[in-house]
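A lone chain, given as structure tokens: the form predicted alone.
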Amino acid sequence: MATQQSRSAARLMMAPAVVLLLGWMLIPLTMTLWFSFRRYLPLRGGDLGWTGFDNYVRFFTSSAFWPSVQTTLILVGGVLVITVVLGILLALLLDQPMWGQGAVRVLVIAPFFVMPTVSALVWKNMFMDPVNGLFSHLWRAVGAEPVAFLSDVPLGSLIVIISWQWLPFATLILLTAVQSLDNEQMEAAEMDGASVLSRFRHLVLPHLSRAITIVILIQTIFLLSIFAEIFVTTGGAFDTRTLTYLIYQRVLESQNVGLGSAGGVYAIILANIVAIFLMRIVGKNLDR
């Protein structure tokens, strides 16, 4: 049993790491809040003084604000639907005995370790290019006109690219949950005449609910800040500008750090609203 002295020693040893972690989080947040109330133009005069809530009003009333929020939510929702549905199907498939099962699992999980910029470039140039892409050759092979995916269906193309990268993560978490299923319970249900769909609905899906919740929560946190894939493929054009990309444009392209910082605060607020919503609606599964 730990004594008071050992607890004090443990706190003392953990203190530097805790202070460093808090500083790593709080210093950028404090600077963002500070700049959001100032007119700061690095290449056009520098710090021009206090502006109050002017940056917040300008960013909120901008014609690009609500479309960027809508695009962000559609992108996040589309990726979550695809990765969760296909992740469940892949997890059930990979749980079945097959030849080379270990190699297949490694190949399925491999895309998660590819850099976002690299995966976006591969999809853009090797698959979705309207002239030399694989899809364009397949379209011509069946006598159809090639599709310029990144300009004709840009948001759908981005959802596919990002889903391809995040599907292995969902599959890995869900596969772990599938492997913990009670085989005796499944066999008993099969002997009682329960169909495959009934066993999936009443046994498998409730068992996976906790894993699905974890996948949704973790992916949402990262998907709300998606940037590299958009930068490499569409550059924010064709209605693919998310809130994160809008902030980038305000800070680096417009050289308005104050306005971009106000957008960063809005992004934090949006992330917290989405997180609270998910914890209330989806996160209830964690209490079961």
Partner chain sequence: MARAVTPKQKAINTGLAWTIGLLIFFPILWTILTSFKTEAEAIASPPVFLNFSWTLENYAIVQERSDYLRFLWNSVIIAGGSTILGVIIAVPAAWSMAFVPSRRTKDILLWMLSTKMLPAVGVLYPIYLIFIQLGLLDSRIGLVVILMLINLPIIVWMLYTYFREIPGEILEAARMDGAGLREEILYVLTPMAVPGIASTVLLSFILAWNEAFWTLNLTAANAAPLTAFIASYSSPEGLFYAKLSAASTMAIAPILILGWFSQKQLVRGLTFGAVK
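By rigid core we mean the largest C-alpha set that fits within 1.5 Å across both forms. Residue numbers count along the first chain shown, from 1. Keep in mind that this is a model prediction, so the values were computed, not measured.
Omitted here: the form predicted together with its partner chain. The next part is about that form.
Only one of 153, 85, 114, 194 lies close to its partner chain in the model of the complex, with a heavy atom inside 4.5 Å, and it is 114. Distance criterion of 4.5 Å from any heavy atom to its partner chain in the model of the complex singles out 221 from the list 57, 64, 221, 237.
Within this chain, residue 51 is remote from the site of its partner chain in the model of the complex, having no heavy atom within 4.5 Å.
In the model of the complex, residue 259 stays away from its partner chain, with no heavy atom inside 4.5 Å. Among residues of the shown chain, residue 105 is one whose heavy atoms approach its partner chain to within 4.5 Å in the model of the complex. When contacts are judged by a 4.5 Å heavy atom cut-off, residue 127 counts as touching its partner chain in the model of the complex. Contact check for 21, 98 and 137: all three have a heavy atom within 4.5 Å of its partner chain in the model of the complex.
Heavy atoms closer than or equal to 4.5 Å to its partner chain in the model of the complex belong, across 223-247, to the residues 227, 228, 231, 232, 244, 247, ordered by sequence position. After superposing the rigid core, the Cα of residue 273 is displaced by 2 Å or more between the shown form and the other one. Here's the thing about residue 63 and residue 274: their CA atoms end up at least 3 Å farther apart in the model of the complex than they are in this form.
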